[in-house]
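Heads up, the chain below is alone and in the form predicted on its own; it's given as structure tokens.
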Amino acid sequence: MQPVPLKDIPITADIESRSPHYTADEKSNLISRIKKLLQEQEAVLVAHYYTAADLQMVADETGGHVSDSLDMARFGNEHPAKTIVVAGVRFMGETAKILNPEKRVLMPTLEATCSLDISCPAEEFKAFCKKHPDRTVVVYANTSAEVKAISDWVVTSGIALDVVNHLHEKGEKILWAPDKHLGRYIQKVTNADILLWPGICVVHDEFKERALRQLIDLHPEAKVLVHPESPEKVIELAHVVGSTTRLIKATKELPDKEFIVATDKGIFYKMKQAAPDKILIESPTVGEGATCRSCAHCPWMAMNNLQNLAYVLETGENEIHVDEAVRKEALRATQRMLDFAKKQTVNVLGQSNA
């Protein structure tokens, strides 16, 4: 149960420096080719808010979907396309395959993983669960199919609070994995009995309280929006704590003109669409203990680009496969989340400290 070693975490700036750069004509031609390939192959593109703006734009313009991981899972499950192309990180592609075994699931790159996934190896987690058989195992979607297969519930940040509230009301004790910051936040809000696995998101963990306070002093009128994968002291400074979808809604619905945003800066594409008249400011990833390896952008999300999206559509490479026995077990916990979501008015972690 050790944090992901720094040596195993790519540096976002290095990934971006190696990414292809295009002239305006090259980009236009590439996007046209991708759109044509999607149509020819009866494929749909789903992209996470943290991917590049170009990918989000292509998804929007081709009848695909840009959202958080819960809504990506819903959309892929309900869409009639024969091929789902998932621009994001590997667990998102696996989730699409878990829900859609009959469909082909492709990803622009299979190298795009997640620090939370890495920090929760299935065998180690299984042994941990066996030591606590009296607890209901709730795992964040940012985990492998193998980890989902040994869980009771799969949740995303958009539904985690509702699920844990539900279980707490039933008197159940929770074993939570892998993000300790999100788990601690939910524990504080619900008062549930939660045993935490010590994983972190390398992006959100780099937001620093002192640097954020200094930025707040410079922008005293700004509302602070924080994703709950951030450290506790950062969350305490927030006016709104919530999932990616909740934070985007806040920029649109709140009357304030300025927002300091503590989550992956890929979200700014959709935030600017939702609230073009608002001023959006990146929360700092500097200060004591910071490395700025991510600089508020996931290095693995940055591995997705137009070129490898076109390549995977042309070649059919990077197809996601999940062992059928594992898939069936993972489906049980994942489907439980989707069924629960249909019955609930999802809170999307919309606690307001304002």
Ligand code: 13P
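From a predicted model like this one, the values you see are computed outputs, not experimental measurements. Sequential numbering from 1, following the sequence displayed.
The discussion below concerns the form predicted in complex with this ligand, not included here.
Trainee: For this ligand, considered in the model of the complex: do all three of His48, His204 and His227 come within 4.5 Å of it, counting heavy atoms only?
Mentor: Result yes, every residue of the spot touches this ligand.
Trainee: Hey, in the model of the complex, is Ser151 touching this ligand, heavy atoms inside 4.5 Å?
Mentor: Because no heavy atom of Ser151 falls inside 4.5 Å of this ligand in the model of the complex, the answer is no.
Trainee: Using 4.5 Å between non-hydrogen atoms, is Asp54 touching this ligand in the model of the complex?
Mentor: No.
Trainee: Ser283 versus this ligand, in the model of the complex: is there a non-hydrogen atom within 4.5 Å?
Mentor: Although this ligand is absent here, Ser283 would stay clear of it in the model of the complex, with no heavy atoms inside 4.5 Å.
Trainee: Against this ligand in the model of the complex, would Glu329 count as a contact residue? Criterion: heavy atoms within 4.5 Å.
Mentor: Taking the distances in the model of the complex, the answer for Glu329 is no, it never comes within 4.5 Å of this ligand.
Trainee: Tell me which stretch of 252-260, 230-238, 275-283, 140-148 has a heavy atom within 4.5 angstroms of this ligand in the model of the complex.
Mentor: The contacting stretch is 140-148.
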